[in-house]
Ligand code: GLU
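The chain below stands alone and is given in structure tokens; this is the form predicted on its own.
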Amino acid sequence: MEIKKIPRFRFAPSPTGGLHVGTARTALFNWLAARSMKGKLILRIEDTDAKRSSIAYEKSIIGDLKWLGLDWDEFYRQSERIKIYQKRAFQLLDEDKAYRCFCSPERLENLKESQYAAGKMSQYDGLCRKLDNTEVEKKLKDGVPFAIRFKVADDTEITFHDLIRGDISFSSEVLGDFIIIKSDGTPSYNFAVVVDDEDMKITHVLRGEDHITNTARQILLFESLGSDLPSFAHFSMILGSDGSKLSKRHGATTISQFREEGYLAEALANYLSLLSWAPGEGQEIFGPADILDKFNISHISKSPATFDVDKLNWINGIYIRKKSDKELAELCIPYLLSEKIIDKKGTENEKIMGKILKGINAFKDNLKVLGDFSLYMKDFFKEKIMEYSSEAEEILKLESSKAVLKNFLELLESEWKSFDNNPDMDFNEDQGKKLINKIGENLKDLKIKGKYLYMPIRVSITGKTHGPELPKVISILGLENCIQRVSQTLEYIKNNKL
């Protein structure tokens, strides 16, 4: 009876930068595939490039993966496995499947340039493959540095079945003998990957299409080591709105950048799931765990995915509105702090926290990202209006506006006195509604109503002609601040002879 293998997937980032959205999608698809197939997911840090790799990037990548809600079953670092790669490379040397290459970097560079100049594809010319044992021993004795190259057989067809793209073939002639151990003793990417995939018993390699050519080299290495081939699947790259590869010029491209701007983890994971894959039936809002029973590698599209910021914003807005006001306030406070709209002490102030909660209630339907909240709230923490928009000034020029504002100020001051001039007394939205209704009744005889009633009030306390419902605005500002702002507006009308 054949024992069924447990599916084993791997996600293998290089810690040479932040977690790119394309790499994050690779991690997400591997997580979805592993969990949907009741398999295992291995996180492997590919850090053999010591000059470019850093622990800081590794920590950042791991932090972003956890933030997205992804977990893994095993963890490895390639830098801790150098001796394993060297041992396997020397095994291939002993079996005459590889050879030492003593060519200097200068010779290799000149070879590449001459081949390009002749219109040929760049590949190694096999010079050191022809060295006999005596020549090799002499160079070793003289201390000439060497790399180890894999022998690629001539006239060989390399074919594999891609779970997304179907059958793919390569001719060995386009590969040339490639390096598996560099002259500094570290492994090449392709060799380390194969040794790791063999040792870690990886059954499925799910990655981007930019690795398709690597697959041909890796298949030759798997076969030379006597290993079973994993199943391969390559999905398309993520493109920007202009059809080119997604890059910095398209805006944020790393998960940490999206986090800083105020995207929610569940929204970003949801959106990444939709790039080159869809659950069917028009479903677009879901958590990764919700689609495990629907995810299938063969359903991943081979067509390029376009990163649509507007759609991401739409999805993020939906998740924002799913949060309670209290949850959302806690998520938005760091942005108020970073913009110096409030300080650390403000988070312990009941009045300030009340204002933030009211602001959340007023603006949550407008938020695309958490960072937007600071833009909406910054003016509510100032005593005065910094400037009036041009549209606002036109409203203030109306004769009826002065009557509205004088009446509004009288009512505000009356309410203020009823609260015993207590700045800590809360003035809620319902009280704001009653106040607006009372102004309408007071000015009924003057036939001031509609926008001629509401616009001057809005302009006097915000400086703008658009915004949330007036009772919400009055409640956020509070009576004392409203009095200051209306008084300022009346003074402005007088000084500027509007």
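What you see is a predicted model; the values in this text were computed from it and never measured. In case it trips you up, residue 1 is the first one in the sequence shown, and so on.
A second form of this protein, the form predicted together with glutamic acid, is not displayed here; the remarks below concern that form.
- Among residues of the shown chain, residue 485 is not one whose heavy atoms approach glutamic acid to within 4.5 Å in the predicted complex.
- Glutamic acid is not shown here, but in the predicted complex it comes within 4.5 Å of a heavy atom of residue 193.
- In the predicted complex, residue 294 stays away from glutamic acid, with no heavy atom inside 4.5 Å.
- By the criterion of a heavy atom within 4.5 Å, residue 13 is counted among the residues contacting glutamic acid in the predicted complex.
- Only one of 189, 160, 376, 416 comes within 4.5 Å of glutamic acid in the predicted complex through a heavy atom, and that residue is 189.
- The partner is absent here, but in the predicted complex a heavy atom of 211, alone among 165, 323, 151, 211, sits within 4.5 Å of glutamic acid.
- Shown alone, this chain has one stretch from 135 to 143, 203 to 211, 264 to 272, 94 to 102 that lies within 4.5 Å of glutamic acid in the predicted complex by heavy atoms: 203 to 211.
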